[in-house]
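Alright, two takes on the same chain below, each alone as C-alpha cells: structure 1 and structure 2.
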Structure 1
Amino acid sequence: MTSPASVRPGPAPGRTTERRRTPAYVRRDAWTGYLFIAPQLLGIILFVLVPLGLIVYYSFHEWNVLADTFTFVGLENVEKLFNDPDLVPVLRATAVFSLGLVVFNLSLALLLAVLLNRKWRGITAFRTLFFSPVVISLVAWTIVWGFLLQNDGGINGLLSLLGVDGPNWLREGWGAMLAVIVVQVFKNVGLNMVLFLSALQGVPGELYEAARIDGASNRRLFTSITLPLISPMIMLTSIITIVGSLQVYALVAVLTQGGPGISTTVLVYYLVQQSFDFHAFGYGSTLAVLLFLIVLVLTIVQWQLRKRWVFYEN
C-alpha cells in the first residue's frame, strides 16, 4: 500500500516543469552592474583585504629586514604587546588626541555651518575661506604651523604684543598635544562644515515657520528641529572624524616627532616607528592589528548607539 507522504503532487494543469529562463535584458543589465563595481571590488581586494591578511600573517612572525630574518614566533608579539611599558602612554595620547579632535572639530564645524547657512552678502567667500585648508597639502600646512608655533614664532609674537609670554608650544607636553589638535582641527574643519551645511539646507523651512507661530525661541528651534533632523549627518561626520583621528601620522611626524618624550606619540606613529626605525615589522604588524580592532569596536559601538539619538523621518 502506498503511503500518502510518498505520493508527490504532479504539475498543476496548464503549468510546465521547465524552469523559466531569465530574460536576456535582465542578464545584460546584471553583467553591466558587475562591470561597474568590478574596479571598486578589485581595489578592495588588492588594497584592503590582501594587506589586512598579510598584516595578520606578519604579526605571528619576527621580521628583521636588516638581518634578513623571518621567523615564526606564534603569540610572542602579543605577549610583548601586553608587556610594553610605552603602550599605555601611547594609547592615552591617542585617546586624548582623538577626543580633543572630535569635540573641537565637530563643535566648530557645526557652529561655522550654522553661521554660514545665512543669505548674507559675500557668504560664498567665507565658505571658500574656511574650506580652503582642506585642499592644501598636509605637509606644507604642518610646516607653516611649525614655524608659527616655535618659541620665537608668530603665535608667541602676537601674544607678546598683548603682554603675554607664550609657552614653548612644541616642547611642552600639554602645549605640544594642544598644538597638534588645533593644527589638525583647522586643517579639516572645512570638510565637516560643508557636510553640515548640506544637511542644514535640507531642513524644511515650514517647520521653523510653524514653530515660530507657536512661539518657539531660537534655542528651541535649534534643539528640537535642527539637531534631530541633521543627526544622521552628525553620526556620519563623527564616524569619519574618529576613524581619521586614529590614522594621523604625518602631522605628528612633521610637527613634534612624537615628543616631547612620547607625549604626542599616537598609535600610528608608534607602529611606524617600531616597524621602520627599529625594524621590528612583526611587532609593528601586531600594533596594526590592535589599531584595526580599536577602529572596528568604536565603529560598531557608534553604529549601535545611533538607535538612541539619530532621528530618521521614516
Structure 2
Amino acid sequence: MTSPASVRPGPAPGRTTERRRTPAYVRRDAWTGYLFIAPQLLGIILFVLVPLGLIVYYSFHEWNVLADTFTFVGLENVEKLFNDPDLVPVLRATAVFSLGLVVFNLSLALLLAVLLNRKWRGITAFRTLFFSPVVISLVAWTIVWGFLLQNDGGINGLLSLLGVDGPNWLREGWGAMLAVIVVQVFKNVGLNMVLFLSALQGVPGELYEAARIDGASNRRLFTSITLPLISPMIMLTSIITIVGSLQVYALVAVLTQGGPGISTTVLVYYLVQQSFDFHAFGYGSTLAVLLFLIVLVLTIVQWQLRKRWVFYEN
C-alpha cells in the first residue's frame, strides 16, 4: 500500500512496477499535447472544415448576390454543371495543363538535378541560377513573361533575329496554353530540382561502382539504380506538382485571363470567375466541390500507385 510508486496520484496502488512505468508526466503530457496542437487544429476546423461544409451547403442553393436571393434548389446546380457547355473545355484545359506541367516539370527537374549533381567548381552558381525564379514573386514573373510573349515582345524579337516569324503567343489557342505551362515550369522547376538533388545524393556510390565493375552502361546505371532509388522522391514531387497544378490561378489571371476564348480557363479560374465575376456563388460552390473531389481522387490514386512503383530501401 505504501510502496513508493503509490505516492503518485491515481488509484491502483497495487501494481507497483507498472505504475512506475507510466508516471504522472504522461498525463500532464497529454494536456501539453492538446495545448500544442490547439492553434493548428482550431485553425483547420474554422478555416477549412467549416468552409468545406459550407460549400456543400451552398451548392444546393441558387444564390444571386446582386439580387440578394438565396433559395434551396436541391441538385439543380449539379444538373447545371452537367449541362454546362463550358465544362468539357474547362476540364480538358485543366487536364492538359496539369499533364503538360507535370511531364515537363519533372523531366526538366530531373535533367537539371542530374547535370548539377557533381562537385565541379562553378556548379553551385548554376544551382543558384536555376533556383532563382522560385524566389521571384509569381505576379512579377508572369508580368515579365507577358511582356516578353506579346506579339511585338522580346521572344518574337529574338525569333525574328533568327529569321523566324513567331506566333502571337497569348492570342492563339495552343500557343497560350503552351505559354502558361512553360512560364509556370521555369518559375518553379528549381524546387523539384533541389528535391531531386537531395535524393540523388542519398544514393550510395558503392552501388554504382559495383555495377560498373559488372560492366553496366551509364544508361543502365541510371535506369536500374538511380531511378528506382529516387522513386520515393519522384512520387513526392509528382503529388506536390499535380495538386499544385490544380491551384494555379494567378498565372492564368495575369497572363491570359483564361483566353483566348476559354482555352486556358482551368477549373480554379472558372470557379473564381463564376463566383466573384458572375456572382453565382451557388454554382461556384458546386464547381469548388468538383475541384475538391478531383484533388481527393488524384491523391488517393497516387497513394495507391505508390505501393506499386515506389522502391523503398527497407
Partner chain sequence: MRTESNSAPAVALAPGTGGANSPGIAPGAARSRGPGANHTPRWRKIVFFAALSLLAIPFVMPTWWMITSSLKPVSEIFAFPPSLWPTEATFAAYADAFTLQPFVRQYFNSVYIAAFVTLGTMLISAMAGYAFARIKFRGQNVLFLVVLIGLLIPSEVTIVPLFQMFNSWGMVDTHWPLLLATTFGAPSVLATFIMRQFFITLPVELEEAARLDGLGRWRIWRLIAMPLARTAMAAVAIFTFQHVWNLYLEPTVFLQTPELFTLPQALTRYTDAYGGAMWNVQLAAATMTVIPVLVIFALAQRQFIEGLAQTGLKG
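This structure is a prediction, so every number in the text was calculated from the model and none was measured. One-based numbering along structure 1's sequence throughout. Between two forms, the rigid core is defined as the largest C-alpha subset superposing within 1.5 Å.
Here the chain taken from the form predicted in complex with the partner chain appears as structure 2, while structure 1 comes from elsewhere. Residue displacement note: residue 31 has its CA displaced by at least 2 Å between structures 1 and 2 (rigid core superposed). Comparing the forms between structures 1 and 2, the C-alpha position of residue 40 differs by 2 angstroms or more, with the core used for superposition.
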